[in-house]
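Just the one chain here, the form predicted on its own, laid out as structure tokens.
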């Protein structure tokens, strides 16, 4: 079999066989196909697509191209959640211990942030001492003990995806839906899961800025997951404005802890958490319906069980569990700056993408993967869409360590803020739920 023949075949919009897909994935993983041929094939896929059978095969073969977690000895159902990314989306930090407190096993493999979106691993590493780079034996031991572990992917996991992901970024093929789906699900399949809940974001701060494309993406993810024998549900959620009240690594840890302690001042964050948690419990077999799962999650927050599980997770992974009781132990930026409303009116919009760029200027995110983070930097949003403001009211407080960064971020934040004479209709955070035959 020659790689050149497979490039030509996909260029002609023909479908690959399972054997051809296996050859492509292995050639990417072991380096036998040069980058220029892989790049040509990626462009052919971006232009002509892959059908569901091809996408299922590609996902399976990329997962099989390296090592996999071996978790079959665990008795409870194994379930994870994946978000397509957004601004202020620190839900995983609260969701993983919440689902574990309900009796599920949650091996949550996460990533780092780049550009305007944040990364769960960066947020966790804002906790002093917290370790995310764990060997498989330690992950399994922790899952056996407390049912939850949040960790980074190892270099041996789905190496075909790692190579193709890097080339996609350099060849303008990032937005190809079959490549997106196979990339996301190959890493999840390598976790040896029983079920997966997908949080598919849509709006100004999301990868899928348009709702129609988000729905197509969600359908493709669910269909491919089921083709792999993995139970899945996709929850399409709004990312037109940032989720919750905080943007920034340590600040989003604080928000997750406050919610697990019963705080309700971030209703959109809480709604997202409870809906995702309800579906995790339903797919994991802990309850009959997602609504029952939601009620169970609410009870686990009220009882303090989810909060205690979070503290256990922090302790097991080398972090200081005092962060759950004393936010003063979290990193803090050296300076702050209030952003004031330039005029009176109602907040009619708060662009999540632009707020994410403001956080980037503060040092809370990365423009390049090698950039350092200021874990204490970020934004506290005092007013969000639908709120009334008067001229001079503080609409946000910025935290950073650079005076120039604070000034530039304040200008950027005001670009995100849309004020009007009349209140806007606030979009519900959950737009649609896709779970065929659930």
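Here the structure is a predicted model, which is why all the values come from computation and not from measurement. Positions refer to the first chain, counted from 1.
Not pictured, yet referred to below: the form predicted together with a further copy of the same chain.
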- Item | Partner-facing stretch of 28 to 36, 408 to 416, 380 to 388, 54 to 62, counted where any non-hydrogen atom is within 4.5 angstroms of a further copy of the same chain in the model of the complex | 28 to 36
- Item | Exercise: residue 171 in contact with a further copy of the same chain in the model of the complex, heavy atom 4.5 Å | yes
- Is there a heavy atom of residue 11 lying 4.5 Å or less from a heavy atom of a further copy of the same chain in the model of the complex? yes
- Item | Touches a further copy of the same chain in the model of the complex: residue 47 (any heavy atom, 4.5 Å) | yes
- Task: Using the partner position in the model of the complex, report whether residue 1 sits within 4.5 Å of a further copy of the same chain, counting heavy atoms only.
- Result: no
- Item | Check all three, 7, 43 and 167, heavy atom within 4.5 Å of a further copy of the same chain in the model of the complex | yes
- Note on the structure: Residue within 4.5 Å of a further copy of the same chain in the model of the complex by heavy atom, from 291, 175, 325, 210, is 175
